[in-house]
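Before any questions on binding or motion, here is one chain by itself as structure tokens, the form predicted on its own.
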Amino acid sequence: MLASILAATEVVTTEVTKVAETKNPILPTVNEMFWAAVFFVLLWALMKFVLLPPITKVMNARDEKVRSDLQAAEAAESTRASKLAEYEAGLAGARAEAVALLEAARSEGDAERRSQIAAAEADAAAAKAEAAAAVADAKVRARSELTASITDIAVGAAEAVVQKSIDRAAQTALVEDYVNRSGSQN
């Protein structure tokens, strides 16, 4: 058994030395390191001097465009604010003018209404006076007609009672005096 253990250790030792002598696939060789360094330097120079300048140029142009767009937006905002203030001032002026026009129209309407009311009242007073004169005239006519009728009836009744002719002029004066006294009591 000792012999077999010794034999197994010998086999393991030979195998370990073989493994130690074989190349590690992870570790690069000097030749690979040289070419890697050369290509790294070439790629770095290509990126630094050929590919990176257009990219930075585009990025700078884009930054400048954003800045100019922001400045244009600020200018447009200030213009908008000033135009809004002008519009609001114009609108306030228009409102004030509209209020003034309404007040002028209202006062003109009130004056016209007052003058029309005064004219209507004058017309009504004239019509009332005319109607009162017409009523008074009609009263006088009706009274004179009534007086004449009453006189005729009274004289006719007196002649029928007395059975003889009565002086019409004296009786007419008497009836008119009676009618005038009774009319003044009412």
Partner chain sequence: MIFGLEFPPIENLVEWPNLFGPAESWYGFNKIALINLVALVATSLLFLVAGRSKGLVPKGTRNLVESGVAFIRDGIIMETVGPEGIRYLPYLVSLFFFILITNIFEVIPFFHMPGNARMAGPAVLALLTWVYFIAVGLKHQGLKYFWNSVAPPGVPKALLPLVIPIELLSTFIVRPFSLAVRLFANMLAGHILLVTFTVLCITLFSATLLALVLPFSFAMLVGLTGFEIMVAFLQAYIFTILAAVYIGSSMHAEH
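Numbering follows the first chain given and starts at 1. Here the structure is a predicted model, which is why all the values come from computation and not from measurement.
Quick note: we don't show the form predicted together with the partner chain, though the next part is all about it.
Heavy atoms within 4.5 Å of the partner chain in the model of the complex belong, among the stretches 116-124, 157-165, 144-152, 60-68, to residues of 60-68. The partner chain is not shown here, and in the model of the complex it never comes within 4.5 Å of any heavy atom of E130. In the model of the complex, no heavy atom of A134 sits within 4.5 Å of the partner chain.
The shortest heavy atom separation between V140 and the partner chain in the model of the complex exceeds 4.5 Å. For the candidate spot formed by A76, Y87 and A96, no residue has a non-hydrogen atom within 4.5 angstroms of the partner chain in the model of the complex. Contacts between stretch 29-43 and the partner chain, counted in the model of the complex as any heavy atom lying within 4.5 Å, involve T29, V30, N31, E32, M33, F34, W35, A36, A37, F39, F40, V41, L42, L43, listed in sequence order.
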